[in-house]
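The chain that follows stands alone, in the form predicted on its own, written as structure tokens.
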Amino acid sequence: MSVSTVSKDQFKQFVEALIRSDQRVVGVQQRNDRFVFDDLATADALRLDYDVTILSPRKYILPQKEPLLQFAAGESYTPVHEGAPMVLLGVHPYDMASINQMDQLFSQDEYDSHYMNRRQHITVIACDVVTPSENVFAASMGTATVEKGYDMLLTDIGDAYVVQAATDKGKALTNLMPQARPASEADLDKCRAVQEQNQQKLNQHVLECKPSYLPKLLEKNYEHPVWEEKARLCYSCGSCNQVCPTCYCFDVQDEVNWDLKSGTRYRAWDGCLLEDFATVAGDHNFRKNRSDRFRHRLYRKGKYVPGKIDGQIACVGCGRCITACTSNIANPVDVYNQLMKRTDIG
């Protein structure tokens, strides 16, 4: 890993050079009073001081709608693998943690070539948080900082950025920073201070147990009344699923062309809170009750997925679900803390 320091004016020049390069550049920009990831046209539009984006960068790695194959009657099908060079600029540590989880999930068992092909074309420039959002609880989930997955990590130290290039792709980008200088010990101290502060500041909702206890906590509370209590107010809108950076469920559909002979098979985001999510052949729905769906979302994050990825909790504390839920019931910390009050996890 190489560590350097660039002034903010020099960094702006780097972003302009990046935009002029032969790859797509996506960065965080302001839209009214919110922030979004979108194609970056100028360095002036980039906001690395943002609190949280409406949607996570997941939408560029696992798009809302993605073609899988082309087919035609009487002919063989043709797989579709999308993927072109792209830079994702301004990814917060908790979102980086979610990408790391999806990388692991989509590469194990049945290797997902569609996801992995796109992922391999993406260069991630992460950045430490400057402005905590109103509902972030990344510190409780251990994701206020991140140590892997990114190609480059930026830390704002006031008048400059400390730039950590962690991979060959990240080091290649430093060629666009000719004025960068080796980071001094004082710069590194400032960088560490930012990250240490974020371990405390990014915690608007405090989880009253270690994340590693959640699988055991949930195992003992499948019939807890909190599932029904919360679900009474659930609209089954799926907003919490759609904004979540660790949700990756999808539906697969065939889209037939007007000739009725050819078409495209695609996958699109789905969500376990939606009423028809668990509907199968014969119109049977094995999770028809809202309380069952509400419970499943929390079990998926705190028990089911951790069993697949070495105990990592599939909630990174971004707080987007809390903000998106108009019924004010989606806060995972609130539910887990209620379970803690009545449970001896031993």
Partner chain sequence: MCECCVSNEKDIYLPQPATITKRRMLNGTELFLHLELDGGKELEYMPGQFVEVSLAGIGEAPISISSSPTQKGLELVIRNVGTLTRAIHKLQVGDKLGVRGPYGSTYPVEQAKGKDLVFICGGIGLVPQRSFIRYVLDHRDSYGKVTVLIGTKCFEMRLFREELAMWEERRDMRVMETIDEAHDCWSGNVGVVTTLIPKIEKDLPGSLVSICGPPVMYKFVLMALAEVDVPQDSTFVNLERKMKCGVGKCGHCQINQYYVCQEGPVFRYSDLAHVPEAI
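The structure displayed is predicted, hence computed values, not measured ones. Numbering follows the first chain given and starts at 1.
Unshown form predicted in complex with its partner chain; subsequent notes refer to it.
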Partner proximity in the predicted complex: Y235 to its partner chain, non-hydrogen atom cutoff 4.5 Å: no
Answer yes if any heavy atom of H296 is within 4.5 Å of a heavy atom of its partner chain in the predicted complex; otherwise answer no. yes
Might L68 be said to contact its partner chain in the predicted complex, defining contact as any heavy atom within 4.5 Å? yes
Would you please decide whether H284 lies within 4.5 angstroms of its partner chain in the predicted complex, comparing each non-hydrogen atom pair? yes
Candidate stretches 227-235, 70-78, 192-200, 168-176 - the one whose heavy atoms come within 4.5 Å of its partner chain in the predicted complex: 70-78
Answer key, its partner chain contact in the predicted complex at 4.5 Å (heavy atoms) among V146, V162, L105, A180: the residue is L105
Of the options D259, E185, E110, E134, which one has a non-hydrogen atom that comes within 4.5 Å of its partner chain in the predicted complex? E110
Its partner chain is absent from this chain, but in the predicted complex, do N117, D254 and R300 each have a non-hydrogen atom within 4.5 Å of it? yes
If you apply a 4.5 angstroms heavy atom cut-off, which residues in 247-276 are near its partner chain in the predicted complex? Y248, C249, F250, D251, V252, D254, V256, R265, R267, D270, D276
